[in-house]
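Let's start with one chain on its own, the form predicted on its own, as structure tokens.
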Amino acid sequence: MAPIEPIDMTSPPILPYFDFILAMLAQANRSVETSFGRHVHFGFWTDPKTATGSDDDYARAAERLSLELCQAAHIASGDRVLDAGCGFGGTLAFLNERHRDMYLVGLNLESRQLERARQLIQPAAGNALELHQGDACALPFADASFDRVLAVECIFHFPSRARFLGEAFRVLRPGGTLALSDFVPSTLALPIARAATEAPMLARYQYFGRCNIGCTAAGYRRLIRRVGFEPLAERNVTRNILPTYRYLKGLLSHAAAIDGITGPVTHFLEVLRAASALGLLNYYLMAFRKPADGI
């Protein structure tokens, strides 16, 4: 595939948590460098009781989440993989280190994240890597370009799940797979989830930027049927990610406030943790296949 020119995005997303992470990285903050210098997503603990709350433990758990999602996508050496919303490129780096003859492509809307990814990842022998600035809901790639598409803990930032799923379907070859992780509310909690993340009056607490966590598990099933995907996996792994909240709360409580939001967000994290523990806000790993005769 010929290289694709990056898209000039004039309206970068407002993501206070990335402002915080990048500011801490610029100050050579060891904790942030260890836990979020590579992956910017939740951790996954096979046994949550083993979580220690240390930076190194969290880094291992974040790496484990990438492993779980890559396994759900059935990624193997020789695949052509698109990571949409690739952040700092941690999942691409994970694949680059473990597989050969890979064509790895990262896409992100924000140039700061892509710049760090370029600094962190050097393609291993036999692998190719491209990083592009662009919109996951308007993928700048040809039809049937990839064997696998990933969206690791980012789809809630996209303007439309339906448009992204449609675009992922288009760029996948027949028989290819999409795997993603997302925050999925219960039907009971759906109105509260929408209000908490979209209401302008709560903007002070929107540390993770404007998010859409308004798609239930049943909503996902309807979306993938409409797009044409076949379901591969649907795992509620909320219990496996719960230690993330404790770690984030500790990290932020020791950090200087950024634009006055660090204090409020620790309270917001506690609300999210409680909602997750009660089954109101769940964390899912999901995988879908484009039918072998899909077009």
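Each residue number is its position in the shown sequence, starting from 1. Predicted, not measured: the structure shown is a model, and the values here were computed from it.
This next part talks about the form predicted together with a small molecule, which is not shown.
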property: Output flag, G87, V152 and F158 jointly within 4.5 Å of the small molecule in the model of the complex, heavy atom basis; result: yes
property: Partner-proximal stretch of 170 to 178, 132 to 140, 95 to 103, 219 to 227 relative to the small molecule in the model of the complex, 4.5 angstroms, heavy atom; result: 132 to 140
property: C70, heavy atom within 4.5 angstroms of the small molecule in the model of the complex; result: no
property: Partner contact for V265 in the model of the complex: the small molecule, 4.5 angstroms, heavy atom; result: no
property: 4.5 Å heavy atom contact, I75 and the small molecule in the model of the complex; result: no
property: 4.5 Å heavy atom contact, Y17 to the small molecule in the model of the complex; result: yes
property: Residue among A193, V81, A117, L107 with a heavy atom within 4.5 Å of the small molecule in the model of the complex; result: L107
